[in-house]
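Below sits a lone chain in structure tokens, taken as the form predicted on its own.
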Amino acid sequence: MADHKACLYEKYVWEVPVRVTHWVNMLSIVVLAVTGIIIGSPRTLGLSGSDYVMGWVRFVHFTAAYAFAVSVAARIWWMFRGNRYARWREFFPVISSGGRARLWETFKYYTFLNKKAPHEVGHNAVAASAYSLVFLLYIVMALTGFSLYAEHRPGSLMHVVMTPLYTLFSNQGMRLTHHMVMWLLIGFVINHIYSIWLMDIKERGGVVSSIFSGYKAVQRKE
């Protein structure tokens, strides 16, 4: 253990915008999921028609939606401004030969073909690829959500901007898509927590603490 620690040093990996948007996204998803379930089935919790509770639930849902949309937009913008670990290329390792090799090594570990976990400074290749799909789900969630929101005021700027979606989806189809993506994101969150906890134990690089401090324990050869 001592020898392993001697081979590590602290490296600043996750910049402030990465950490802030991570936690804003997390809090927003929790609030959106809870309020979304209530909005979708208010009678389940006995809230239908009780002292304008649904009005407040919808207000909290819409407020969290704006915070989520701004946070996701800021994180996408930072993909073109941040350090190498935040850049958009990190989310598409398949585009380079080195990235494909990292992807294969990590895949072998996750599928029990290799017992040694690859030590990565930033995201491992499998996780980074998954995050690219998650950001796609974020965008779908935001677009369908704001399209549904804009229906209360036909002809408004938001309603006009979302017009292409109204031609692609029926109202019910849009609601079902929005609802389905919510459950996909909930599934991702469960897997995400398990994965980072696993890699924190296996890599001993402080993955969990790094999203608070920005620093990871990195092998000196890096």
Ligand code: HEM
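Just count from 1 along the sequence shown to find any residue number. Worth saying up front: this structure is predicted, and the values here are computed from it rather than measured.
One more form of this protein, predicted together with the ligand, exists but is not displayed; see below.
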Item to complete: Kindly confirm or deny that Val94, Ala117 and Ala217 each have some heavy atom within 4.5 angstroms of the ligand in the model of the complex.
Response: no
Discussion item. Considering non-hydrogen atoms and a 4.5 Å limit, does the ligand approach His159 in the model of the complex?
Written reply: no
Discussion item. Taking the ligand as it sits in the model of the complex, is Trp23 in contact with it (heavy atom to heavy atom, 4.5 Å or less)?
Written reply: yes
Item to complete: Examine Gly122 and determine whether its closest non-hydrogen atom to the ligand in the model of the complex is within 4.5 angstroms.
Response: yes
Discussion item. Taking the ligand as it sits in the model of the complex, is Leu148 in contact with it (heavy atom to heavy atom, 4.5 Å or less)?
Written reply: yes
Practice prompt. Answer with one of Ile196, Leu168, Val53, Leu184: the residue that has a non-hydrogen atom within 4.5 Å of the ligand in the model of the complex.
Written response: Ile196
Practice prompt. Determine the residues of 9-37 with a heavy atom within 4.5 Å of the ligand in the model of the complex and present them in sequence order; the list may be empty.
Written response: Trp14, Val18, His22, Trp23, Met26, Ile29, Leu32, Ala33, Gly36, Ile37
